[in-house]
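One chain follows as structure tokens, the form predicted alone.
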Amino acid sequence: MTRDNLTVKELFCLYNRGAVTREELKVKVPEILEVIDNRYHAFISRATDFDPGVPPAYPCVAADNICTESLNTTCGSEMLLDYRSPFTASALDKARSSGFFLLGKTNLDEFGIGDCTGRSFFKTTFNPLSQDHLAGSGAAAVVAVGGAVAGFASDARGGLRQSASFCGLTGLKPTYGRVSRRGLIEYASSLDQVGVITAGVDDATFALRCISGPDSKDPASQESPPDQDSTASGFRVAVPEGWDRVSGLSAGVKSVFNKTLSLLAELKVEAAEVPFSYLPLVSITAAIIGATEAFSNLANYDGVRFGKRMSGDHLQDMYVKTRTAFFGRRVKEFLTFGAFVSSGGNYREYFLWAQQNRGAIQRRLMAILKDYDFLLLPTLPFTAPTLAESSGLVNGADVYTALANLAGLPAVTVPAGFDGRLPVGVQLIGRPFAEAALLKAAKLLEEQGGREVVAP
């Protein structure tokens, strides 16, 4: 392989070993990133003052709803077209202090609201495995072609894990509170968590270690207890009953998941179906809670406090015109839904109902995890949709993934095989702050799963 054919990840690896100079890196890497962006529409902004610093240096990207001082933070929205944050998110600060170098900010659904379509005000990101399919996010697309060691992104209802699955990658959502959310422009405060997308479990383990830890400026963050790895002598896996009866489950995904269960049996890993009646309620419960919190959190974007502004005859008129002009269709629909389910008599009928569901789901999951080390599920019911199939919304994508967000549990997806040319992921959900055991089990699955190398 010639140096011209190397990926960004490979160039940084050579740089850390002293085989590539800083000057070579400063010239070659921006050229590769431009090719990636032109081909897959992955970036919203890229680093212009490119200096990787002293080795070790690990290339990374961040979704554009994670604040940075060096680059604009748009959340993929026209509303924040020119917004520059006065500070960098705590997770990225920690990553930088561990040697990560930010290459750019990547495309995402506007404000993270869009069910992993990878469509923003600016562009739609194409899947490197098949460019007529969705990637789900720019971070996933960049990591898939070796453009970065890690992509830091948010996960509110599973979007990070979904896009990782679409692109045949590892996607990790940590326990709620393990990673600071300071500097994350989240739409759903009780669901959202900063996580990481990587090419494999080892990179995810390293990246998580770099960004974890308490933050006095995020009251939800906490000191993680020592990881209790109970898997040294094997582990037990629970499979929720009804996983194969969800709407939209494809034959290919079902086949790959069943093969994963057979593989675990060959490896002498106990996997048993357990009663779980809540899967039909997961998507709507997460949508109601997410929309209600988004309706509150995005109220600041009104033309006065943050964002662009339209002129109006009076203050209320300015609010309406600004939000109508600069929010995309999907965001406006979601906020309207949030206003409806949280207002007047609807509050008890919808929002409180969803919160009661959430409590019941969390209690049931914790009861299962007393007897089993992990829950095992497909990551999504289907593989990456085509651009033609999805005109702006991917229905049912969070039926498996939102479980972990509702309960605040850690979850990881790893590739388990292919349906045609598209990857299929399986997901493990673990006990709170038990990421070490979770990643160890994920490593076992990764070693058995299929993977396709994609060149930029």
Partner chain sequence: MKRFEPVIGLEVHVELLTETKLFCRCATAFGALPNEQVCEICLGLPGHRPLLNKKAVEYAIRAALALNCEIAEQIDFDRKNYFYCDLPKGYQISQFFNPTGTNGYVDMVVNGTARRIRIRQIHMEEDVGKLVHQGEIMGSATSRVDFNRAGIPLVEIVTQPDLRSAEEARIFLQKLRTILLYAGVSDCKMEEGSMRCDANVSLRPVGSGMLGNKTELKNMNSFRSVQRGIEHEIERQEEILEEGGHVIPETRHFDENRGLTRAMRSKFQAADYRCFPDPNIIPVIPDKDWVARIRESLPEMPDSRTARLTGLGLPPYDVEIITSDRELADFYDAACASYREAKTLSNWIMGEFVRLLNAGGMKVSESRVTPGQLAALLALVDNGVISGKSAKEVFEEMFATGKDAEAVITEKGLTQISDSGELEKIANKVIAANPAVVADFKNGKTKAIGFLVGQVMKETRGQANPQVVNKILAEKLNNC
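Note that this is a predicted model, so its numbers are computed, not measured. Residue numbers count along the first chain shown, from 1.
The same protein also has a form predicted together with its partner chain, omitted here; what follows describes it.
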- Taking heavy atoms only, is G344 within 4.5 angstroms of its partner chain in the predicted complex? yes
- Contact between A150 and its partner chain in the predicted complex at 4.5 Å, heavy atoms? no
- Is there a heavy atom of N300 no more than 4.5 Å from a heavy atom of its partner chain in the predicted complex? yes
- Item | Heavy atom of I185 within 4.5 Å of its partner chain in the predicted complex | yes
- The unique member of S130, S296, S255, T124 whose heavy atoms fall within 4.5 Å of its partner chain in the predicted complex: S296
- Note: exactly one of R245, R305, K370, R329 sits with a heavy atom within 4.5 Å of its partner chain in the predicted complex, namely R305
- Message: Given the stretches 264-272, 201-209, 130-138, 314-322, which is the single one in contact with its partner chain in the predicted complex, using a heavy atom cutoff of 4.5 Å?
- Response: 314-322
- In sequence order, the residues of 190-216 that place a heavy atom within 4.5 Å of its partner chain in the predicted complex are S190, S216
